[in-house]
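Each of the two blocks below gives one form of the same protein chain as structure tokens; they are labelled structure 1 and structure 2.
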Structure 1
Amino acid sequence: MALTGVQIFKLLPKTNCKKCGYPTCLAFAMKLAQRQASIEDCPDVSEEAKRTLGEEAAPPIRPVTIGMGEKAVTMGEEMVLFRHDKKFFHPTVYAVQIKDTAPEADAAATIDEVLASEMERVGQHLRIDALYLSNESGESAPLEALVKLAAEKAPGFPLIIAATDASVASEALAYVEGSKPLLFGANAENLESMCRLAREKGASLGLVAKSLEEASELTEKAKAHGVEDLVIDPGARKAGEILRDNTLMRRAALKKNFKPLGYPILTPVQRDDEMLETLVATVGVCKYSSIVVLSSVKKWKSLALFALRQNIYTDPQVPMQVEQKVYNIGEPDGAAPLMITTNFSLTYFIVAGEVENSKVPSRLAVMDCEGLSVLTAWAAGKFTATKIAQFIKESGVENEVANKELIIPGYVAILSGALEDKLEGWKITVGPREANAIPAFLKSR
């Protein structure tokens, strides 16, 4: 059980010196209990208290990173059961399986598909995150060849190397040593040899259990063998079992501070039926799977799973925003229309999409309104005539346009008069209320 604020307070100097930035030691203790402050902020705390509080302050779910560079992915560090309580930190990793029994050309094609899986949605770049290379042959040479191929075609890309024989996996790991792969397949029978190999190769270790009880035993034994970065497959395969086991693990780690189950979860969902596979994958994404292993790359499947993951892992307390600036759509010349909207991501992408659909090269001025939509920003006093005029003047866009005309959203037509007063020499035109009317509006001008 995590320490309470009062218990933490008893370990502090209780001098109320304010060196930590808080008015009293009790206030600082409460922030520590809420994991909103660091014990390092107190310069006078004893080393013994640091050790005690340091262990308590560790994330209830250990962070684990696989891969190197910009493609590396981190899992764990989650703090809440429900997204609306705070937010989820590290999105589910999608991994695609390649078997070492597959012909080299097929394996190479799948790797290419994974590398080309990236798509942009609401300003974010979404993609398949990892390769799951499995030793179906039971022999070392095919796995070695597959890992070598992946390392050559996708250097630094997160790799999960699945094997149950440490001697088979050893040669394959030599090709990705130093790239932080995940060695997956340790169980009660091979744990010691797999731990030794993971330590030698600098790999994280994936544990395969038949139950939550066995999973907790395996993590304790792996730690005793010197491996801390662990990922757990608790053995659940059916959707109901995944929901049950993942929820129990998250609750045990967060509510009971039960360290043996405080690790990222790997969920294999491969099915012959791709629709069923996708549905089972959604259960894992919604309920705490850190890695979901898929059988293939399909655009329709990727779109559904990417959108689901994006929605769940967006911070509910911070609206998605785009950068404040004047965006060129197409290749606008001096006579091109200039429109304005707010920086709420959905608003921007819907408006920008409709402008593109019109085929009329245009400029779209996007104003920082803290991620609020047009009407909400206007009601909150963030999208006013004064602020719009200031933004237009400071943007320098008047040097790029031949006709000083600004098109405002139809929902804030009430601002047109005030804007003409604030923007001397400009013509203010009221545009459509709904974005889907923009193409017809632009073409009719």
Structure 2
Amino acid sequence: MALTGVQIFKLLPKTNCKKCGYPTCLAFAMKLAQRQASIEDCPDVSEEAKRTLGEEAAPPIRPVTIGMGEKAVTMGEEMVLFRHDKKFFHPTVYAVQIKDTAPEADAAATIDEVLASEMERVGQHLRIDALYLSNESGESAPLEALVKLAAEKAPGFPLIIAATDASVASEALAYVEGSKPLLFGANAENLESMCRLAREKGASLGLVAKSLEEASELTEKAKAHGVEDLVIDPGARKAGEILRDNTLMRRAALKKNFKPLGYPILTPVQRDDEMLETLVATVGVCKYSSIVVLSSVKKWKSLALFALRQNIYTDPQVPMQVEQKVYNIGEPDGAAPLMITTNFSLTYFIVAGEVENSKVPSRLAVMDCEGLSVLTAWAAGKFTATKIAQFIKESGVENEVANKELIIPGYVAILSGALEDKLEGWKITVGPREANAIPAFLKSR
């Protein structure tokens, strides 16, 4: 648990010398508690206090970054168990496995598929974020060739290099020194040599344990060997075990402040049955995996997993909003009906879905009401006659429709008179209150 301002204050010199830039030690302590100041700003603080505060100030799940440049990904720093409490912070990284036993042409093709996986969805760029290059051959040359290929085709792209023999992985890592790969595969047997290699090559280190007990011992040992940027694979393979281990790790880190398990989690979900693999990946995304390793790139699989990650990692406090504009549903001609609603994404999805169900080509004007639903936006003064009139005029939709008729949601029927005054020459029609009545309403016109 984080320290309070008063607890921090007790660790400070209490001289109120102002050298930190704050009028009193207490004021400085309060800022520290809110993580808006750094302990370094007090020149007189004791070493012991610094250490205590440093450990306390560290996030319960350590941030770890892999890759360089704009494709780099950061994991960890999560603060909650349930997404309704606070936004899940760093979205799960999707990594695709390539074995060093695969023919070079196949490996190259997979790398190309990964690089081409990027797509835009609801305003965000989504992609497979990392490559998981695994040393199936047990030899050094094939792994080296594969890493070299990846480094050439995708400089700086996050790489996870999976091997259990440091001497085998050493040559491969030389190709990506300086671009922060994740060396994955340290265990109780090889820990010391893997730590040494990770340190030498500036890689973060992935630990593979057989249990959570072992994982917590391994992280402590790795720290003793000077490696702190760690990722844990607690060894769970069955979907239910993944849920169990991930839940216990996140709880231990957040609720018990148990540092030895406060690291990002890597979850391999590869299955021959790729439909099942997609569902096991769902467990990882919903329940705390920072990296999910997939067996292949399939467009249908990527699309579903991208949408899932986007949903689970949206901020629950900020309603998802849809861009303000007039949307065409079907191919509306000049005589097609024009409806208006607010830009709360759920409102939009439901209304647009019902308009689609009606099979009546239509225009749907979606007005920016800061992501509020119709009634809430109206009550908050954001969905008023004046604002609607302004939006309709500025949208230019006037030039596209033959008859100036605007259909408003039944819940704001009260606005129709005022709207007719403000939108000269327009007819205002009151539509249904509930979206599920839209198909009948449109068809009966």
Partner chain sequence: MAFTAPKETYPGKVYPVGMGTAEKAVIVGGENVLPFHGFEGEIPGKPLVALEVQDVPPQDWPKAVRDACESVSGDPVSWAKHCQDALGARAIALRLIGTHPDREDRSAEDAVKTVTDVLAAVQVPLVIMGSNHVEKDSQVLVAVAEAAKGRNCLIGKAQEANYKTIAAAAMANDHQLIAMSELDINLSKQLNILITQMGFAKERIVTDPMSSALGYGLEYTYSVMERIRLAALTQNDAVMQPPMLADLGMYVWKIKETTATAEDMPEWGTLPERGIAWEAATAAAFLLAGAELLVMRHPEAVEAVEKFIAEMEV
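Please note that residue numbering is based on structure 1, beginning with 1 at the start of its sequence. Given the structure is predicted, the values throughout are model-derived calculations rather than measurements. In this text, rigid core is short for the largest set of C-alphas that superpose within 1.5 Å between two forms.
- Source of structure 2: the form predicted in complex with the partner chain.
- Annotation for residue 299: C-alpha shift under 2 angstroms between the two structures, rigid core superposed.
- With the core superposed, residue 403 shows a C-alpha displacement of at least 2 Å between the two structures.
- Taking the rigid core as fixed, one finds a CA shift for residue 347 of 2 Å or more between the two structures.
- The shift recorded for the CA atom of residue 45 between the two structures is 7.1 Å, with superposition on the rigid core.
- Relative to the superposed rigid core, residue 372 shifts its CA by 3.7 Å between the two structures.
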